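As structure tokens, one chain now follows by itself in the form predicted on its own.
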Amino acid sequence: MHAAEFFSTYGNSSAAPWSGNSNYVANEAALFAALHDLYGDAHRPLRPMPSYKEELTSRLLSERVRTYLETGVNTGESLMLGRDLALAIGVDPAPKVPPGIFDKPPFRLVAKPSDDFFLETFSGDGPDFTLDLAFIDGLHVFEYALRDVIGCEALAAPGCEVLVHDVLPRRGAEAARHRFSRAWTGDVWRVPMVLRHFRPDLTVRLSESAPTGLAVISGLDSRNTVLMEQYDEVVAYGLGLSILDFMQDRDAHVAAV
């Protein structure tokens, strides 16, 4: 399956049917206590580690990286770190950046959902760039983050790495698909789990970078279409995983590579 066909078939540029901007519950502490009593959902902080921004910054400042893509620009803080690159693309349907900041090269600010961006990139004559690094920090929902990984791999240059944010929730409730707590990772934790299962050729390292971890994916191959061809199976497998099981084995998942 070609990437354009994939995003034409599976891309969903509309908002997810669940909300990442819901009103928070009135008393989180009482809810968390109830979830703990019912399901054993305890708060399990990560080890004290530097911020994910440090791991991202070290790569953006590396001589190896000349092209960069970021999904989920928000205020543009991390995208601005790419100002000395040959190309730094930011994709976000509603970026909160000051006007004029990203209007000139090396920046391309694309105010669209990432599904639309990838569909347009692979349509027609195809992309005019490859990627050395990508950072996925958009909608905190498994399928959307997975499609971002698929799109980034199809653009990957040799040696490309993809970083996925928010893969190590500190309690099960923090990983809900529908947001109801202030601290929220969504169910992006499913992404590295399905990659390890369906793509053992990749190296998927889980970093305990504060506050909620990074997946560092390497060994990418722009010619590999396994995730596109088996997308329905991959999604079904991922949605069948249990967050409580994941939390119980989280440290083992971090240690495994």
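Throughout, we count residues from 1 along the sequence that is shown. Computed from a predicted model, the values in this text were never measured in an experiment.
Omitted here: the form predicted in complex with a small molecule. The next part is about that form.
> A86 near the small molecule in the predicted bound form, any heavy atom under 4.5 Å?
Because no heavy atom of A86 falls inside 4.5 Å of the small molecule in the predicted bound form, the answer is no.
> Could you confirm whether P169 comes within 4.5 Å of the small molecule in the predicted bound form, counting heavy atoms only?
P169 lies outside the contact set for the small molecule.
> Is T185 close enough to touch the small molecule in the predicted bound form, meaning at least one heavy atom pair within 4.5 Å?
Contact check for T185: no, nothing within 4.5 Å of the small molecule in the predicted bound form.
> Does P93 make contact with the small molecule in the predicted bound form, using a 4.5 Å heavy atom cut-off?
The answer is yes: P93 has a heavy atom within 4.5 Å of the small molecule.
> Counting only non-hydrogen atoms, which stretch in 125-133, 150-158, 71-79, 100-108 is within 4.5 Å of the small molecule in the predicted bound form?
In the other structure, the partner sits against 71-79.
> Select from the listed residues L139, L163, L146, L119 the one whose heavy atoms reach within 4.5 Å of the small molecule in the predicted bound form.
Looking at the other structure, the residue within range turns out to be L139.
> Counting non-hydrogen atoms within 4.5 angstroms of the small molecule in the predicted bound form, say which of H43, H197, R64, K53 makes the cut.
Looking at H43, H197, R64, K53 one by one, just K53 meets the 4.5 Å heavy-atom criterion.
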